[in-house]
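In structure tokens, one chain follows: the form predicted alone.
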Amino acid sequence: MARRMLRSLILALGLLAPLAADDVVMVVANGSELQEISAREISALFTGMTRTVGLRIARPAVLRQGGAHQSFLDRYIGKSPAQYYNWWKRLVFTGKADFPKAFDSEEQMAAFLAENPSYIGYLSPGHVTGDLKVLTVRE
């Protein structure tokens, strides 16, 4: 009996692991011409190192906190929330960049992104609305 429960637990954890890999998706307005983005482009855009994706002007939209924000930072930026904020603070105060557009909730970000095709953001898959498209991320 204990072995059966252990196998069930291992199987369940194995099935849940792929779901954790998709805990955040990159999104743009349906009106945006972007279809895909590389992980390197995400890192460069969201750390202020570039203002373009491909040949298009792009602006980052970020969450101030939460699970999606943490997942995004872990996956693409490699910084803690405090390190990420301090990174941007340094860029802003040295005149090299402006803070990204920031939101308190995924709902606010989704509504903003739907109306602003030059912005790129990230959301939990459950917060993607019909006005947004999920970008394919190339590694």
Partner chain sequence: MHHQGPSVFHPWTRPGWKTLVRGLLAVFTALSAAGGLGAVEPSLEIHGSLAQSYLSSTHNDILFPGTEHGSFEFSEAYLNASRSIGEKLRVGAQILSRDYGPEGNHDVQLDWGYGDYFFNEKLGMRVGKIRLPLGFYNEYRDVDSARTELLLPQEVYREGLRSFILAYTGVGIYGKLGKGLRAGDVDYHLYVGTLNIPDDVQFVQPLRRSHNAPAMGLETDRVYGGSLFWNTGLKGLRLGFSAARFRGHYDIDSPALFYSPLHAPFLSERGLLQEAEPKVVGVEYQRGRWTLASEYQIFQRKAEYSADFKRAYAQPIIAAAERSARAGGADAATAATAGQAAGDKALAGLNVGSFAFDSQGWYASLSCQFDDRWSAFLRYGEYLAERSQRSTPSLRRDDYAMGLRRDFGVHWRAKAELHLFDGSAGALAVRGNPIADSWSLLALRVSFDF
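Residue numbers count along the first chain shown, from 1. Here the structure is a predicted model, which is why all the values come from computation and not from measurement.
Omitted from view is the form predicted together with the partner chain, to which the following refers.
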property	result
Position in contact with the partner chain when the complex is considered in the predicted bound form, options Ser105, Gln35, Ser80, Asn30, heavy atoms within 4.5 Å	Ser80
Ala97: touches the partner chain in the predicted bound form, heavy atom cutoff 4.5 angstroms	yes
Heavy atom of Ala114 within 4.5 Å of the partner chain in the predicted bound form	no
Contact of Ala110 with the partner chain in the predicted bound form (heavy atom, 4.5 Å)	no
Members of 85-121 lying within 4.5 angstroms of the partner chain, judged by heavy atom, in the predicted bound form	Tyr85, Asn86, Trp88, Lys89, Arg90, Val92, Phe93, Thr94, Gly95, Lys96, Ala97, Asp98, Phe99, Pro100, Lys101, Ala102, Asp104, Ser118, Tyr119
